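So this one's two forms of a single chain, laid out as structure tokens and tagged structure 1 and structure 2.
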Structure 1
């Protein structure tokens, strides 16, 4: 009886110590994050230029330099506190440098790389121009997935999921599928800061809530936009090698120089997975629309709708991660193909060089 009581006391003491340790760790982490929220933000070069260009500063009111240049009159918005400014700056940094290539302190990106399986992902790869792609005249581009337009028209019906998706849930989809990663918690600072930055862009551009703008999402390319000659991944492969491979690589694995991602992967372990709406098998209209409006860089709009569909079809045939819903057999097959196909491509390339 006495031994049983002693065992219970020891077990209870160990449990209390473990719980106390977890509590102290949670307090430490909370204080660490709070300190990070109050620290001055070191901006990436792209964010420094963009936020200066839009006139972000702590003040009672905010007037957009962008609107002043475009219309001659700056719209007046409620101003930003120093805390607001830091959140917007951190959000911009995350969009521009999700994996923290420009910092040695992972906490400055809220450890965002833990939500991404690969080593290539950056929000800016899809949401170009750090979420606000414009041409040389400052015009926002159709189908460029502008974050500001997405924020003002969030909480709307999403035909892919059949849900009303708030802006934060759309971000979660990006992490799960486009980044082939994991879902952040809804109140994570990562999502909050990206939302703060997107909301600031909406104010800078003077976008109105629940209005749809041309740069929101992707203007999809359907079969009816073509001459109905049929989608062909053979044609797509030829066009890809001619117009896309110089950036994204012959096997679609992207371009990395000195451990820095210059152009992202569109296939392989660092690309979007089979569950992503960028995958041609999930949606045959979204990636073609993105390609037509945003690719190749510097030649946007130069491809015909059928060419965009063929390229997207071809990219969809390249092996990539299966995603969490495909099942173990599909995941195993994709892993096998990701190992075999690049080796075969390299072998054929070496054979061509010898023959040449």
Structure 2
């Protein structure tokens, strides 16, 4: 009996030490975060330009330089504290550079790369122009998924699920589906900073709460927008190879130069997964809409609706990760497909070339 009591005491002691260690580690991590919150933020070049343009600084009131320039009169908003400014700056950095490719310190992006599986995705690949895409004249573009317009219209009911969808929860879907990753906890600074940035953009652009703006979301391209000749992924493949593969690669694996993502993957392990609404099988209007309004870069709007749908269909046929909700078997199957299909395709394509 005595022996078992000693072993019990020893194991109890070890457990208590472990718990104490856990607590101390938590205190250390919390302090690290707190320090990071108080640190000056080093902006990426894109953010530097954008935030300077909008005149973000800590002050009692805020007046948007952009708006002043565009309309000659600026609204007066409640100003931002230094703390708020840092949050907005961090948020901008995250949207511009989710994977922290412009910084050595992962903590500067709140370890955001941890929530992404793969090495490509960043917010501004879809939410272009760091979430605020404008043309040379400073006009916001239709269907460019602006973060500001999303924010003023957030906390409404989700169109697909019918559930009340807070802005942070919507960001979760970006994390788990579009970047095929994990959810940050809803209390994470990461989400708060992105919200702070989006909210600041809304103030800078003078958007009104609950109003709908043309840049909000993807303007969908439905079958009624086309000549109804039917979607065809073979046609889509041809257009893809002609117009898209220059940047996104023949297999859709993107372009990476010196470990920097120049053009993101649209298929394969680094792209969005099957649960994402970008996937043609989940929604056949969203990716076509995105392509029509945002692609190819610099020639937006040059593609016909039917072409957009065909390209999206073709991209949908390329293998990609399954997403956690689909379960382990689907995950395994998709991994297998991602390994096999590109090899198969390249084998047959080479043969064609020899024949030709």
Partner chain sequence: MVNYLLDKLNLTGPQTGLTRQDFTNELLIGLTIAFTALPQAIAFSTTLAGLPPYFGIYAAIWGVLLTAVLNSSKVFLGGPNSTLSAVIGVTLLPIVPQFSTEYINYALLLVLIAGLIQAMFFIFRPLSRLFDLMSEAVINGMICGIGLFLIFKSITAFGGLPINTEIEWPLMIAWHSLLAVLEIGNLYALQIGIITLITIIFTHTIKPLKNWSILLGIIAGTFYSQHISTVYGIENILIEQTANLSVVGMVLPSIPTLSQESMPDIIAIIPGAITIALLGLMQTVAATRRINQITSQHTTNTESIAADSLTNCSLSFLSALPSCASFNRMSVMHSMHAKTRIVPITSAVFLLAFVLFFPELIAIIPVPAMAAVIIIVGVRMIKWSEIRQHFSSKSEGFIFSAAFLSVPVFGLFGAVVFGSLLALLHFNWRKLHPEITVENDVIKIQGSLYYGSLPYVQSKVNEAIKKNTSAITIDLRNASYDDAEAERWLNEIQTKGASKVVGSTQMLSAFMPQSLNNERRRELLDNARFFPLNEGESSTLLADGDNDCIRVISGTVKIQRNDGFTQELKPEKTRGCPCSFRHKGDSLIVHAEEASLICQLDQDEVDFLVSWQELSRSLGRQDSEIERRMDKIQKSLLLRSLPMETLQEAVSRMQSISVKSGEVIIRQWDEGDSFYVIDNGEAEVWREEFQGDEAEMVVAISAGESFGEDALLTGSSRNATIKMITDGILLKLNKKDFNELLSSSIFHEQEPAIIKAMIENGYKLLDVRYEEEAYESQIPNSTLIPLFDLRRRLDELVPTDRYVVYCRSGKRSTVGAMLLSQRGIEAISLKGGILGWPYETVSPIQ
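Note that the structure is a prediction, hence the values are computed from the model and not measured. Think of the rigid core as the biggest set of C-alphas that the two forms share within 1.5 Å after superposition. Residue numbers count along the first chain shown, from 1.
Between the two renderings of this chain, the form predicted alone is found in structure 1; structure 2 comes from elsewhere. After superposing the rigid core, the C-alpha of residue 297 moves by less than 2 Å between structure 1 and structure 2. A movement of the C-alpha atom of residue 329 reaching 2 angstroms or beyond is seen between structure 1 and structure 2 when the two forms are aligned on their rigid core.
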